[in-house]
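Okay, so here's just one chain, in structure tokens, the form predicted alone.
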Amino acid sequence: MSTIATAEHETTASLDEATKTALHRLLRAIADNKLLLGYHYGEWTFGTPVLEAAVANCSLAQSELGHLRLLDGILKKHFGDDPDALLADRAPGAFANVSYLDHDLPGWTGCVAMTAVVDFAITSLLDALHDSAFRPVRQSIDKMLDEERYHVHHGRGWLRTWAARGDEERAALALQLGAALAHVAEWFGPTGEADDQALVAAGIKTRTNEDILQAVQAEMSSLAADVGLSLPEAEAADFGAWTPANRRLGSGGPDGEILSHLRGDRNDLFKLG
């Protein structure tokens, strides 16, 4: 039986406008997550339960920011984005990161949930871009996935370790894992979302967001069951206010203090003249 080959795209010139816009939004959203993940891992090089976790988080922060650099290079070359201007000038609500990353993490338990759920969800999405028909993306994915394997190992290891600490830690961990999953489900958006359908149809993604989310949820449920955790029941989301531009159910965005750190606002204090 014959099959129809998916066209490969060296640049965005061969993409229709809807698919080009969808790809731009997706890459910008992944980049925003890399930025915020890098920030939070950097913050959690202090206050970790053991020194080894601090060293690991430093490494994770470096790899996330390295991935951001790769993505920003693609976005600048193929979409004309100016990464410095986008960081400096965008309103908080224009950032398209998973909203779990908008605020300071609730202790080490929150950091574990971020690694085990949010980071893993973004990695799962990257895996769906591994055989992308958009060549500039496909050429960058292997490096990211190679490094993300360590993130997955780190997240699962700490999930098991923290669940074994005691009842208080277990209850807090179950709560934060459930919260992170809810935020991830919000970020992936409604079933059959138009941007996602366009990207899958063009061969830029090999799986829909719905398929990726279901796999993430199943993996987290299995891991939780292995350590005796009961995750909160997920509530069905109303996606009426959801938009593909910021992947949120309404307003929001990284809080002012986080954006101030990312933008280096306080560096102005040290300028001369």
Partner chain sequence: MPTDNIYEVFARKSHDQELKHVGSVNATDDDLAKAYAWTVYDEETWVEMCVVPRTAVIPVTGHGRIPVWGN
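These numbers come from a predicted model, not from an experiment. Residue numbers count along the first chain shown, from 1.
This next part talks about the form predicted in complex with its partner chain, which is not shown.
In summary, among the residues I30, L60, I204, L36, the only one with a non-hydrogen atom within 4.5 Å of its partner chain in the predicted bound form is L60. Residue-level contacts in the predicted bound form: of H103, K77, H153, H130, one residue has a heavy atom within 4.5 Å of its partner chain, and it is H153. The closest heavy atom approach of Q139 to its partner chain in the predicted bound form falls outside 4.5 Å. Put simply, R135 is far from its partner chain in the predicted bound form: not one heavy atom of it is within 4.5 Å. Although the partner is absent here, A245 is not a contact residue: none of its heavy atoms lies within 4.5 angstroms of its partner chain in the predicted bound form. Contact annotation for G157: at least one heavy atom lies within 4.5 Å of its partner chain in the predicted bound form.
Only one of 64-72, 48-56, 205-213, 237-245 places residue heavy atoms within 4.5 angstroms of its partner chain in the predicted bound form, namely 48-56.
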